[in-house]
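Given next, in structure tokens, is a single chain: the form predicted alone.
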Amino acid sequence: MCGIIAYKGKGNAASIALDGLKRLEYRGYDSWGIAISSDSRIGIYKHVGRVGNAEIPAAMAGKPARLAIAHTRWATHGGISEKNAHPHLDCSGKIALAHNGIVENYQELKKRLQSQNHKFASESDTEVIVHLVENYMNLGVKKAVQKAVSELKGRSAIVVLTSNGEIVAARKGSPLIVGYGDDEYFIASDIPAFLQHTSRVMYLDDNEMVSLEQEPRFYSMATGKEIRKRIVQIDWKVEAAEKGSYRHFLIKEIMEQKDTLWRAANQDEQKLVKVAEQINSAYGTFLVGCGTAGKVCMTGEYFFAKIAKKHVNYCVASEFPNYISFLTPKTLMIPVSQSGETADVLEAINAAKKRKVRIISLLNVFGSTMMRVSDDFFMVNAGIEKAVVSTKATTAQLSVLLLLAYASAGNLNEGKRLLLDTASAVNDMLNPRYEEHIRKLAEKLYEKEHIYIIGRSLNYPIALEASIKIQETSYIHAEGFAGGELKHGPIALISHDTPCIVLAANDESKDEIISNAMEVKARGAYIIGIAPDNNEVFDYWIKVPDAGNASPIVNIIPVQILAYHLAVLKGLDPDMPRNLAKSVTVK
């Protein structure tokens, strides 16, 4: 949610900052802005809508600025307008500030600042921060930022630019990363913003700040003392963050599952066995995630029950505080997140750590906050995922949980063979003819108001995830149900030609889910079967490999492709759905 990029160096700051915003578009936003520091003045430009193919604003084009901050805003407090877009200025116009997060106590701060004759130009909660900084500027910019942030409640990341050519950033919950180039430095909310310039990074931890001086200098906000940081080399490639020959990131990332499943399977076997032993000996294990990662966790609960005969607990991260009383130092938590910055997951981790719970995370972003606060972690190795709608990270997460379940059962080799066979089958499945077959189905469905998905056993959570994919991309009302629950209410929703996707794996639940399909077909539904074998009940069949316990991995991929083509046919942007953001860093 929202994106920050700051630059100090020898290049054209406005151009570099604007390019950084374009590379952060996937995070989701509704307005954007740039501030530059030049000739002891701050120039600022704001715009509602997409960065798109925007050029450097004419007012900035001729200025030899070497410092800039820029921001993409996802509206929370205040409507979508230029005045509410970031960066915001203080009363003097000598301080500009961009902010990710929410100031939970902004109303009381604003009242106090107004009583001190500060003038506000926006409805945004962020503007209180720049006025707080202004209040303390007699102490110097670093101290002013330190004191201002100490008064904020809620998760925040800020970057401040002064007319004197200073850039200071601070983190209190929301992520910030420093890029370390050759005589040029970057601060951003995500690595792709500056990856084309440098792959060397340094991470801010919570309650730390950084000042871009001759080199970046880091400080504790609690003590003000300088902190030493190590430089981390990121192995992401610039081309991985580009669309290449694909029209959208979403379809590119779907097709990359030919490779990402192999990479997900390439885990340290000794580590898998070690963690499996911890799961088996834990006094309660919790799988915790949000949204799609939450559905992955729910599937993981089924994996452990079916494969390892082991009970683990799945919980939506935002609801995890309800389980606090069950936590002990013998409890194990396995949080799952693509970004490693999801606010609700981090809050759940913090709550668990207070009870001395051991944390082992499943991650896709190296160096993320989740990685740094965990006792141990697995990288799912999906690579950069820029579409808001998660695809390749999802199947990579499922793959690692599958391996852990087999390791817990003492059958890791069997699990690895299954996963490698599945990766090979997916490689064969993802071809142009297969995509075209699903696109033709999308032509039949894209004007529908409702789509329902049913599954049983391992594929019940995948029915729920399938509905998320369709909702996110096409805005069609989609719902997933357990097949056995149809008769307890949902079947009343079925009328003539209502699309119903049936996830029918070759497992112990096959006959029952086919029976459920017949029940809805008898009420007039149009049945779309996703299954290894065709069946007379299917009106449209999408073939998938017979993957046994890995069926959740192969069954979600056709729905990902369907969701993509539904969005395209409706003239929507599948990479950036409305109202959604890639990394949800606020609660």
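Just count from 1 along the sequence shown to find any residue number. Bear in mind that the values here come from a model prediction, so they are computed numbers and not experimental data.
What follows is about the form predicted in complex with a small molecule, which we do not show.
None of Thr72, Thr342, Thr395, Thr369 but one reaches within 4.5 angstroms of the small molecule in the model of the complex through a heavy atom, and that residue is Thr342. Comment: the small molecule is not present in this chain, but in the model of the complex one of Glu256, Asp125, Glu472, Glu134 has a heavy atom within 4.5 Å of it, namely Glu472. Proximity of Cys290 to the small molecule in the model of the complex falls within the 4.5 Å heavy atom cutoff.
In the model of the complex, the small molecule sits beyond 4.5 Å of every heavy atom of Ile307.
Though the partner is left out of this view, Ser390 does reach within 4.5 Å of the small molecule in the model of the complex, counting heavy atoms only. At a distance threshold of 4.5 angstroms between non-hydrogen atoms, Asn100 is out of contact with the small molecule in the model of the complex. Residue heavy atoms within 4.5 Å of the small molecule in the model of the complex occur in exactly one stretch of 175-183, 449-457, 225-233, 464-472, and that stretch is 464-472.
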